[in-house]
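In the form predicted on its own, a lone chain appears below as structure tokens.
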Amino acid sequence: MPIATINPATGETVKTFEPYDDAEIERRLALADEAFSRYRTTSFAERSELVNKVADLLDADLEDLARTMVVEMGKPIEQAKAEVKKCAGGLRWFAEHAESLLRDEDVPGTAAKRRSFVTYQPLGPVLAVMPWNFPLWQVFRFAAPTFMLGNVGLLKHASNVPQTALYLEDVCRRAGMPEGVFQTLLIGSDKVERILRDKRVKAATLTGSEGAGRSVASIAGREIKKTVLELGGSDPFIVMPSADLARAVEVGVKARVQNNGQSCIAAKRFIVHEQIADEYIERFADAMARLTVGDPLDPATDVGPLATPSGRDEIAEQVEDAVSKGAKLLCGGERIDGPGWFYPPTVLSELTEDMRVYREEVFGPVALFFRVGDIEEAIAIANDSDFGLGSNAWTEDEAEQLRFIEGIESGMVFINWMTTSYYDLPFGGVKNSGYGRELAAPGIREFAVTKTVWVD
């Protein structure tokens, strides 16, 4: 895949970039190693000042930066602006809270005559392999805790968002980050193995496909290096009879089509109790059909293009497969003619296990509906997936809420809301959705040396 900005709304190649050669990669690895030896000794106050400066620059750059993201991967402009603001907020949160999250922890009740405690120290350069769908937030939810811990980052971003990737390095430089603390590597995926095997790189984090995750994890395993993986999901969105249906429809549609449906934590499988299924599905499909599909730079647009032609083709093939095997198409389902890689909001029901959509992640604005007779059937269908990232359950019944929290196999459960990622909540999944956690205290400690200290 070429390293290039290709506008998904028009198919136009805007700008291309030459990948770094081996000499440049070596120079940057050496620079990261050197930078870590210095940066690890900085104080929390020094790091906090730098991180807050990055946040201030994001605020100042908001309009241009949001437009760059839209042109590179097609998200609606208002969502792009919200992403910039979220990143600035995340940076400020870690700048304020990192010192307390990483404070030494005394361990009482040991045999030590004087003191024993646990301390958290930086590990070293961390390679981040990041996707295009949230090209800013995905990076900063790794980078913000990395900066505050005292590690340094090497970013291998998706090849279709190079301008955003280069911006990330530049904004850190403008904020006064020491040279080498954060670097973007303009490279293809074929260079990742060499970098990950380099002894100067101590760990890796990846958000992406199962295949990419298995590859990175296997290489890191052979090198005995820590990894954190977030590999996608097929989140259930369960609606029970006691739910506020109007709100569950409104939030459900938003949860499905956020980022043009290209989100790992988007609600994808809607599991509705049979008592309310007819009404809920009808209202949901009507709301989906009324969404505006169009130019992502137009604030009135609800759903923009898919980021790549292959992504649009994959969605179309999955829907066509389901319909050919008996699925009921309630809206959408037809490729949109014209330039760009658009696909309409689509709703499918009457699904069976022989359809691709039953098992595969559907990475676009396609909602899948299942009817159930009771809570146990709802949980069984929710768990009948290789993924386990987020989940949503809508019910006012406290006993049902507790049963969903206990019974759903996922890293996150959201009651009466949509799955989201936020600075102060751990983010991550189970099963084929990956392992490890980002954000909050568990996230900042993933790439720390957890050191036991005994003072006698």
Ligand code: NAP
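In this text, residue numbers run from 1 along the sequence as written. For clarity, every value in this text was computed on a predicted model and none was experimentally measured.
Quick note: we don't show the form predicted in complex with the ligand, though the next part is all about it.
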property	result
Residue (of C264, L91, M73, V272) lying close to the ligand in the predicted complex, criterion heavy atoms within 4.5 Å	C264
Partner-contacting position among G150, P162, G208, P125 - heavy atom within 4.5 Å of the ligand in the predicted complex	G208
Contact segment among 178-186, 376-384, 335-343, 150-158, judged by heavy atoms lying within 4.5 Å of the ligand in the predicted complex	150-158
4.5 angstroms heavy atom contact with the ligand in the predicted complex for G233	yes
Proximity of E83 to the ligand in the predicted complex, heavy atoms at 4.5 Å	no
Residue contact check: G364 to the ligand in the predicted complex, 4.5 Å heavy atom	no
Contact test in the predicted complex: A212 vs the ligand, heavy atoms, 4.5 Å	yes
Contacts with the ligand in the predicted complex - residues in 1-34 whose heavy atoms fall within 4.5 Å	M1
